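Presented as structure tokens, the chain that follows is alone, the form predicted on its own.
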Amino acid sequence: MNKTFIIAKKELYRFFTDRRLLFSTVLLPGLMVYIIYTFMGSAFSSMFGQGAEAPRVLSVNTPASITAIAAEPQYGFGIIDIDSEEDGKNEIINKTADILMVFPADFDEAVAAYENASGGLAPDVAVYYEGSDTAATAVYSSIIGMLEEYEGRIANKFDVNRDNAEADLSGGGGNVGAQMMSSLLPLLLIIFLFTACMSVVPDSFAGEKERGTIATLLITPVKRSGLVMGKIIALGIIALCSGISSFVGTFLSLPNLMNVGGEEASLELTAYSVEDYLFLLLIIISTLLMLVSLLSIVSAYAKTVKEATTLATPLMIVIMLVGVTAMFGGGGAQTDFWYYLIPAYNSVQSMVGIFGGEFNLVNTIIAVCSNVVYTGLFLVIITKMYNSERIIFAR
């Protein structure tokens, strides 16, 4: 093991003393993730906030208290009173209105009479919107914020959407912002991870052949398996640094990415928890280890760095296609566990679930464990290849 760590130390020294390689592999991925995601946030903010027309907010049984708070400067909503809830829903579905609020009759009186200590149900306000309409989604978030702020003022004497299971009248469209995030972020992350691996793995294996230093390594008193493990340990550490960089870039850019339409109209995409971030990091690390070991097989077979890069191009295309599947999932992440046994696809689906607010602990653990198993399998294959003189000294 000591000799194995010497090999790993050699690889790490070569990497960390090359400033250009260090920048392109460790610093650049996180920087690019941050820049691209922040730019996407600005683009989405413009898209959600575009249009000079004031939102059309309908209301049934509008109480005087809500009319007053809606007119306050921080909200500025003009409420249109209607008599029929059904007519209001039709307008929402036809996109001739943005929001429909339905209040109980004599709402203000019911709120004043309600006692929190009574244990009874508080008056409930139903709010409807069309989830496939980005502008309506932004207005909905702002209306919900307004009602919750007023609810806090009066000591939580009413509820919002307590009995309303179908606030979104788009037919299951869900949160548009979350759908955008879960479609785009996994694709970009998986491409960045593969690119980071491509920048270091071919030079470590095929580069040794091309420079002729592989023979020097092989005559050292180190077993072939120890030589492979030393390289993989070093590449794993480098990939880990790259993965942490991508994770930090994602973490820092999420506030900008989710600030759609300004602070007052920002979308409540998801409330990402510590558990979400932890498993996102585990997915990134396990994916990187799997990609490193997979690319090591290709690089160990190739004669030169250029050939290794060429042979890895089909893999990059496959990885990109797998990432694109996140954009066509429709209903979010896959729920069947066997999807999380498929390399690369399992990582993408896990990211879709995390970013889309559909985190599934069991499936994510299966994905992480599967990536670790594939990594071990690929390591066995690389060791077998290094025991073959025909492959190692191919010219």
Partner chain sequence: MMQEILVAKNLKKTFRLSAKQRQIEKTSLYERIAVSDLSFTANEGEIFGLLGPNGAGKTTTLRMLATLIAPDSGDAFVDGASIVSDPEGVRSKVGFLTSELRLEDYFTPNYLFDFFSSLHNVEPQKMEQRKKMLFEKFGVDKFAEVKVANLSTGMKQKLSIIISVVHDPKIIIFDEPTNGLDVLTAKVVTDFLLELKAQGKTIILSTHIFSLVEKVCDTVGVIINGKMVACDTVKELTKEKNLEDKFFDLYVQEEGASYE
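The shown structure was predicted, so the numbers you read here are calculated from the model rather than taken from an experiment. Positions refer to the first chain, counted from 1.
The same protein has a further form, the form predicted in complex with its partner chain, not shown here; the description that follows concerns it.
Its partner chain in the predicted complex comes within 4.5 Å of a heavy atom belonging to Y13. In the predicted complex, its partner chain sits within 4.5 Å of a heavy atom belonging to I6.
In the predicted complex, its partner chain stays beyond 4.5 Å of every heavy atom belonging to G120. Within 4.5 Å of some heavy atom of its partner chain in the predicted complex lies at least one heavy atom of V222. Heavy atoms within 4.5 Å of its partner chain in the predicted complex map, among the stretches 222 to 230, 276 to 284, 300 to 308, 120 to 128, onto 222 to 230 alone.
Note on contacts: among A110, L240, L217, V248, the single residue with a heavy atom within 4.5 Å of its partner chain in the predicted complex is L217. The listed set T213, T313, N90, S84 contains one residue whose heavy atoms approach its partner chain in the predicted complex to within 4.5 Å, identified as T213. Residues T17, D18 of 17 to 35 are found to place at least one heavy atom within 4.5 Å of its partner chain in the predicted complex.
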